[in-house]
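Given as structure tokens, the chain that follows is alone and in the form predicted alone.
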């Protein structure tokens, strides 16, 4: 047991789960033990959307310093709008709508990398600029209409099995797939190598451009998946549906233990960080904290968790 505890303490991602557990315990202690299960169930429901985009952002950040995808919120909106417009509430058009939404997301990923590679624009500027164009496209295409999702999509996004959201199980499978992709494939090794030292990776024979292209496309596709599922969960697409995921997608990556210097991803940490962030807001609301106090305490607590999780020295 001591060896296991020592091994776990050396994993940066473990601290996000520890923080989530402490926040949950503080909440149910304040409520006298009432609603603990309901809070966890709600956390699984709402945190899954952050987990989806967090996985994509994690891949981008792992490719090295300066790499970040700020177009995620706009891509979520575009995907949701395209899916709902194409489906048009018809179950028979569900698959076509999903394919159309993912195709639109794929184009966003290609466009982002084109700005970065061909025009030599820094990723943070390229994806921020792209987000304005993508959101404008979503506004123009959606024209402010809110179309309900087909019943199967709404049921999938809201259904529960034994109290566990079905969408959380779907995201768990998606997380496992990303973990296998990073640990068992040439692409995963390429992402780590490029993140540690791009020139050294190129000299070692890795196709740096293909790796970065694949990463930005995967990030956009995952944002697209989030847009589709979120539309089903919330009863349709809205033009502000992606706003909250801009900073959240970055925060869960950093809190979860992924190195902001690149070269080291932390897949399980995305889950712990996303659940922690939801539980933190729930705890502060339960305590009756004002909006100002909630913002200040949220920021301070997140900083503490990041400092603890990032205590491991970077090795180059």
Partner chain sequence: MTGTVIKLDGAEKSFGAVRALAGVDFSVRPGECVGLVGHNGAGKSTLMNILAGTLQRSAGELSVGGRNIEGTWTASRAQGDGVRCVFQELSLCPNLSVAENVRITHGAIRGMGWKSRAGALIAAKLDEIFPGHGIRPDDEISDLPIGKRQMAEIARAFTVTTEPLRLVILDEPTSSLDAVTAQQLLAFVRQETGRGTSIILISHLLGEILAASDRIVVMKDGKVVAEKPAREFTRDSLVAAMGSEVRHSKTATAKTGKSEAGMAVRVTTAGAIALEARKGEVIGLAGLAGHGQTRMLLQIYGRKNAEVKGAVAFVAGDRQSDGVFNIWSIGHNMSVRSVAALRRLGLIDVKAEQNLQGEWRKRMAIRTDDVNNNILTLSGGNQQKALFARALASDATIILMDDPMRGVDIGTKQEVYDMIRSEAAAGRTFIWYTTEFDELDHCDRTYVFRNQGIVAALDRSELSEERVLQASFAEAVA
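This one's a predicted model, so the numbers in the text were calculated from it and none came from an experiment. Positions refer to the first chain, counted from 1.
There is another form of this protein, the form predicted together with its partner chain, and it is not shown here; the text below is about that form.
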For the three residues 180, 189 and 196, which mark the spot I'm curious about, does each lie within 4.5 Å of its partner chain in the model of the complex through at least one heavy atom?
yes
Specify the contacting stretch among 198-206, 164-172, 227-235, 81-89, defined as having any heavy atom within 4.5 Å of its partner chain in the model of the complex.
198-206
Using a 4.5 Å heavy atom cut-off, state whether residue 262 contacts its partner chain in the model of the complex.
yes
In the model of the complex, is there a heavy atom of its partner chain that lies within 4.5 Å of any heavy atom of residue 185, even though the partner is absent here?
yes
